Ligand code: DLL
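Encoded as structure tokens, the following chain is the form predicted alone, with no partner shown.
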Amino acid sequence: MRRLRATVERVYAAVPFYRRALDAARVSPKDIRSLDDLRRLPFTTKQDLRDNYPFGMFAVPMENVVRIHASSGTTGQATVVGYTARDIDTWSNLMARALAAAGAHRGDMVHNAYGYGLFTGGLGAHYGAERLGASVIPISGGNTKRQIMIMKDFGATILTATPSFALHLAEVAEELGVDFRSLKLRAGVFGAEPWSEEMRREIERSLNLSAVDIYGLSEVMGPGVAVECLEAKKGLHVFEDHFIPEIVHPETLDPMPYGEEGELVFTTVTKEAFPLLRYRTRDITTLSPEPCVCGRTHVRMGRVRGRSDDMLIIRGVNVFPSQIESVLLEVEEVEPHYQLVLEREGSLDVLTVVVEVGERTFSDEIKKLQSLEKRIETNIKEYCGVSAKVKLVEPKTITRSEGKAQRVIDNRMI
């Protein structure tokens, strides 16, 4: 509560955007007397960050900013975030905490395949691993064959990467004749994109490690906002001493109780350079206060099911890519590489699921492939409630990702 009050006072004094927003909401810092008053604060959206590009949301002078990161801006104007030296120290501690929850410790060899640069993933994991006392291999993305050689030669024990790139590593290793069972990898910390339980099982099987989910976003801090524990892997522990989470209804924005699914909202209470009040992440999930077997007492968030702005609406039916992924990964004959292509035929939206099949399946006769397509279409209809066309393609047809996988191709506006 003290941290929240201090944050509101700081942004009111130092950030013109928040002074205007709080005045418009008729709320002053002295009105924040309990955590229940959190709901009186205005929301912050990604568009607000874009409107104040590049440094309008910073709460400290630029001479106190030691690091700048930014989003890719693929869906609009890039969002820029800044860090003071103390912010970097806090972030390092939180990432060390996250890696420890995933089973990492001093003496581990962390193969960090998150991208370095303006993306927060690479440097976030790097500083956290160093703070933990582990050795870091700052390999970043790309050079997949070389990565596999280095993992083998250097004796990597922890892998940090996007889940889609982890699967790509497994695929290339198989081509090279490298069996992950011969490597020392013990655990993997995967995030930066939504992934399903089915994909977790596939990663654990093909890479011979225990896969843990990590959550973060550059606007709130970067990776290390929440993480699963190795003991339970049932929800991600949110580090509430630094980030206050809420679940709100995506449309009415009313706060929702524990266990109810809605949009995740964060208020930061320790950040200096770039504090945020009630930032709408657009991520759809739940919060649970139930105790965890690992002993950690932070509230847990469920696996992100999708984003409110990534949600596909097909003929009135709401569908998340992760739902379709779950269906695909239950089908033995297909590979974990797919794309969802949206097109408009006349006045109707049409969804085509493009998915790779294994070498053996692709060589089967046409009738068997057609039968498999129909089976997958039926499964999607039954599980997701939406009709979709399924197109089977030969192995390695879909472009591999070295960062976040591009799962959805929306051609409806073209």
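None of the values given here were measured: they were computed from a predicted structure. Note that residue numbering follows the sequence shown and begins at 1. We call the rigid core whatever largest set of C-alpha positions still superposes within 1.5 Å between the two forms.
The same protein has a further form, the form predicted together with the ligand, not shown here; the description that follows concerns it.
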(request) Find the only residue in 325, 335, 246, 283 having a heavy atom within 4.5 Å of the ligand in the predicted complex. (result) 283
(request) Quick one: from 92, 157, 84, 71, grab the residue that has a heavy atom within 4.5 Å of the ligand in the predicted complex. (result) 71
(request) Go through 338-346, 131-139, 215-223, 252-260 and give me the stretch that gets within 4.5 Å of the ligand in the predicted complex, heavy atoms only. (result) 215-223
(message) Contact check in the predicted complex: 121, 304 and 311 versus the ligand, with a cutoff of 4.5 Å between any heavy atoms. Do all three pass?
(response) yes
(message) Using a 4.5 angstroms cut-off on non-hydrogen atoms, would residue 193 count as touching the ligand in the predicted complex?
(response) yes
(message) Check residue 165 for me: does it contact the ligand in the predicted complex (non-hydrogen atoms, 4.5 angstroms)?
(response) no
(message) in the predicted complex, is there a heavy atom of the ligand that lies within 4.5 Å of any heavy atom of residue 274, even though the partner is absent here?
(response) no
(request) Using the partner position in the predicted complex, report whether residue 318 sits within 4.5 Å of the ligand, counting heavy atoms only. (result) yes
(request) With both forms fitted on the core, give yes or no for whether the Cα of residue 198 moves by 2 angstroms or more between the shown form and the other one. (result) no
(message) Given a core-based superposition, decide whether the C-alpha of residue 310 shifts by 2 Å or more between the shown form and the other one.
(response) yes
